[in-house]
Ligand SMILES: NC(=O)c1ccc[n+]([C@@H]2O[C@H](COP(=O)([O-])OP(=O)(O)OC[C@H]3O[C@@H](n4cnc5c(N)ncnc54)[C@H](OP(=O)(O)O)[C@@H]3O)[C@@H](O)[C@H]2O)c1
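The data below hold one chain only, encoded as structure tokens and taken in the form predicted alone.
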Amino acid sequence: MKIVVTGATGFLGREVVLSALRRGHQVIALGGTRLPVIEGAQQALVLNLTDEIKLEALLLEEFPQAIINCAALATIDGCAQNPESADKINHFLPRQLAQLAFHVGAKIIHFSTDMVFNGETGRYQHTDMPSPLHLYGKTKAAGEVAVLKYGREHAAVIRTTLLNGNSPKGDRGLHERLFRDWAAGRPTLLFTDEIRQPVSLTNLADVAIELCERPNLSGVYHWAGADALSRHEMGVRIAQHFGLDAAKFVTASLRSSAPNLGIRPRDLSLQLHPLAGKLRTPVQAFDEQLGELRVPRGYEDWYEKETGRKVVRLLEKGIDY
């Protein structure tokens, strides 16, 4: 199968490309501003995804069997500061991709977010109505509607959550951001009353590729890990997993102490059925996800001094050389 992956230089996009290659597919990896450096990709291109003419020309020339959209302006602050870009990337780009996918008969997989919900109740079902608190959630919700409207039976939307995994530069994963604070001598304030359901990066990528391989599955789905946890519990368990003193590095806090409480959803836990019952890719518990994590790049010396554990790392093409 020929698969086009947008946002292939991003945290999730790169892993989606790797998952597709592991499963024997041809991949065209598109980066918005940087060239994706991923061994095995059929093509790696830099393309301004908001250039509708160039995007259409590429997809009509390649005629892929699937398109996976990992491109997004994916932060609350980034969308608030750049509302026009947020609308273009999170809403209009998915719409155009869905239109083109339908035209060429390709499956389109579009990643959305748990942030389309307001967090008041938690345990959200895939049929629940979005009620976002901020522009990021609003533009992602609009993107969902556009993909389903224009992609029709070829379209699948995956709402997901906090990504737990290793990034090439060691600065994007959940544990990597914690290491940045800890190595700088800053204990991390983490809420005991804010709930999320972290997902393994590789597991989520595998789900996207399996959906490409399953033309009978379309519509809106939820995918996350098995465990809904407070941010504080995540931090404690990550520290313990790496042999670090959680009491030294993680400080409990309450949401009432946050200055931007109004745009911080409280509980974004998700119900994973019906998708969890239809795929061969399993839902992963948080402990399984922890087993995939490695000490972030650049923190090896600090970690060895802190724990006495030696870090052994193999060189990776495209990252180390």
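Everything quoted here is computed from the prediction, not taken from an experiment. Numbers for residues come from their place in the sequence shown, where the first is 1.
This protein has a second form, the form predicted in complex with the named molecule, left out of what is shown; the following refers to that one.
- Partner proximity in the predicted bound form, defined as non-hydrogen atoms within 4.5 angstroms of the named molecule, places exactly one of 183 to 191, 100 to 108, 69 to 77, 236 to 244 at the interface: 69 to 77.
- Mapping the unseen interface onto this chain, residue 50 counts among the residues with a heavy atom inside 4.5 Å of the named molecule in the predicted bound form.
- In the predicted bound form, residue 172 approaches the named molecule with a heavy atom inside 4.5 Å.
- Put simply, residue 145 is far from the named molecule in the predicted bound form: not one heavy atom of it is within 4.5 Å.
- Although the partner is absent here, residue 33 sits close enough that one of its heavy atoms falls within 4.5 Å of the named molecule in the predicted bound form.
- Though the named molecule is absent from this view, in the predicted bound form it lies within 4.5 Å of a heavy atom of just one residue from 203, 167, 139, 161, which is 161.
- The contact with the named molecule in the predicted bound form, taken as any heavy atom within 4.5 Å, belongs to 89 out of 207, 89, 116, 157.
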